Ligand code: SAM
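Quick setup: one chain, the form predicted on its own, written in structure tokens, and binding and motion questions come after.
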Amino acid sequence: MEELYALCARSYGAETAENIRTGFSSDRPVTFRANTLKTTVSEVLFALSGFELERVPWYEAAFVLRGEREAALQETALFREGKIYMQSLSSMLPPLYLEPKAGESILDMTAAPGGKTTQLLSLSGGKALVTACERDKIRFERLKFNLERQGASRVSAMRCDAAELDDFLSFDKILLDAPCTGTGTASPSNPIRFSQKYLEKCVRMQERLLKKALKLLKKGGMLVYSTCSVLKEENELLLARVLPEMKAGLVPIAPFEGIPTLPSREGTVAVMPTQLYEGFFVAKITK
């Protein structure tokens, strides 16, 4: 981890790097969202009235659970019936920025375990045409399980490497929540291993996927690129290299109310890891 902190210090300065270290030292509370494909926010509030819940100002369907661990929710009928989904607050951001609408063709390039996939469908009122790709066999089975449990029958799941999709395909909107070092997710209960070699491997994969995404995106379409990393190499530095080459540009976005941020390229959102939020990066792109 010291190698990671040194890299953060070079990118952000010593003070911000120390804030990142503090964020990594906290175990975050359980957060989840109502799966509006199967339920309503009101039903969730009523069914979980015995729990201490906090609302999230920027997303009506999101909740913070205080004083309990995941196991308490996993014992509820809501969880068993797929009416709620455990998901970090930061990972709920990319689908919100993509703004899926009914009738749009949407590609989720690296979809497992399916939280963002089903969120995309629910945000469209269950009426977007979502295609979800996952190349790993075990993760693909988990994706299919979650799609079925959450009632996401309109999603077309494909076990494939999205970077090898035929360029003949095209989509109105694409979500690329890219595989990454996961540095933003570090906590006492989720220690991560970091190395420069692994970072370089991730960046190569991210560049390959991003270039493919831009080939598959319709002219005037929207792409959201995101990672659960705090490292600029996986985020704005990658975009600065790829977007001009692919003749694409940023669509400026701003952080939602109350979200703590790291310094990042103008028009992008980098979430600071804190006691409540994982470190995350989101950018919106068009061509």
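Residues carry their position along the shown sequence, with the first being 1. Since this is a predicted model, take the numbers as computed values, not measurements.
The discussion below concerns the form predicted in complex with this ligand, not included here.
Contact annotation for the candidate site: G115, D177 and M205 all lie close to this ligand in the predicted complex (heavy atom within 4.5 Å). T110 is the sole member of T183, T110, Q150, T131 with a non-hydrogen atom within 4.5 Å of this ligand in the predicted complex. This ligand in the predicted complex is approached by A162, whose closest heavy atom lies within 4.5 angstroms of it.
With a 4.5 Å cutoff on heavy atoms, L73 does not count as touching this ligand in the predicted complex; it lies far away. In the predicted complex, this ligand sits within 4.5 Å of a heavy atom belonging to R139. Using a 4.5 angstroms threshold between heavy atoms, K212 stays clear of this ligand in the predicted complex. Note that among 186 to 194, 154 to 162, 212 to 220, 76 to 84, the stretch whose heavy atoms approach this ligand to within 4.5 Å in the predicted complex is 154 to 162.
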